[in-house]
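Form predicted alone, single chain, as structure tokens, below.
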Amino acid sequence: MATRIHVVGCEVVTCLGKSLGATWNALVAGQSGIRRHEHLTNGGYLQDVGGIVADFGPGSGNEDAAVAKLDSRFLHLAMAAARGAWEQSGLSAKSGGFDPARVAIAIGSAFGGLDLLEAEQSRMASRKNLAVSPYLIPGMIINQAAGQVSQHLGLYGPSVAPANACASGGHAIVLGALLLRAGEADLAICGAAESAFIPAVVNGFATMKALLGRRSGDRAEADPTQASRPFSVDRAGFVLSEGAGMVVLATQSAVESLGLQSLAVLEGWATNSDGYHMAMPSRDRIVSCLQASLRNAALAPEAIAYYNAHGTSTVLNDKVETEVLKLVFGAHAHRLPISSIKGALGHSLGAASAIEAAITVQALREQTIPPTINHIPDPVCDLDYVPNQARKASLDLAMSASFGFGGTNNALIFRRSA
């Protein structure tokens, strides 16, 4: 029998709050972390609306001294979330009770430290000097997040750094679970971090028409908190944000031997590839991914009580995802509560799926479904998106899915712990 895998720690850092508790409370209250930001100016950026974590990171009052030399925001976000998840798991108080060489680390990102690269390139141009910081390369590479967590938490097991676009965090959780199932580790810190507010990235998404554009008369013009509106009739592109999400996984034997509290059980998962297009999703391959996760968990579609959507607020994604859910869940799709927290948080790219996994676990614990805010019904998207207000519900099983550019998909199924 395959070993049962438990979630024993969760943490997020988002534009709504620097902890899971703060983010959750704001989510269920229907708040938005999306703002207009002066430094995203017309001179350099095609969009000045985004979800940025306030008073955080390099040079702030909340700077992590351990990674102060590495001026990449994604590293600071990763460390904060990893420390919080590790602390919640109780493992920080159990040093000596487990083998640190059997703790895996799987932390991904879509872009890594491009903010540091952009800053160094600007300094090179202004100084007319080819020298760059000796911390540029260490601060830019994606696997440095796992490296810093390993170094500062004293964990020495297998380390991987998935770069699977918007699905990176979900893939990291799958990789951690696979390492536990394979017997390569007993515990794993898994997740992702992202901060990609540089002109090339923002403007790149804008020019490919994925990002919400500046349009006269758009409701976000007067109120930027309404910029991200998944499954809404007037959705017009995603809103970029930053953040990090981490979960700590443990085998059944580790939970029992260490006396850990199970927050949820990772009941099943699946990943696959579209093999279709560089950016557009493949409905049929996403259907296959979600169906595979149900098969791997030995569950009927009707068993799922909540679906945490990828729900990006783009015209195409939300339409395709709605079609996918009808094909996977059949008649149950019209009874299934579905919500996208990207309405409140924006899209933190590689970190989004890890944040959403942690929020899904919290939904099971709280027996509450966070809403899809800013929602105005669309005849094309005609399912129950838990519009605008959180909802109490009886939740035993929940699915969280994510799909990334390049056609990379994953689906995670969590069960409420007894």
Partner chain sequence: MTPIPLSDDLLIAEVVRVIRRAAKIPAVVAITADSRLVEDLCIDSLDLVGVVLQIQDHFDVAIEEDAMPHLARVGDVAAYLAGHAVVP
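If you're wondering where the values come from, they're calculated on a predicted model, not measured in any experiment. Positions refer to the first chain, counted from 1.
Beyond what is shown, the protein has a form predicted together with the partner chain; the following relates to that form.
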item	value
Option touching the partner chain, based on a heavy atom within 4.5 Å in the model of the complex, out of Lys69, Arg391, Arg365, His37	Lys69
The partner chain: the contacting residue among Ser257, Ser133, Ser262, Ser92 in the model of the complex [heavy atom, 4.5 Å]	Ser133
Heavy atom contact within 4.5 Å of the partner chain in the model of the complex, the stretch among 262-270, 196-204, 304-312, 134-142	134-142
Contact flag, Asn129 vs the partner chain in the model of the complex, heavy atom cut 4.5 Å	yes
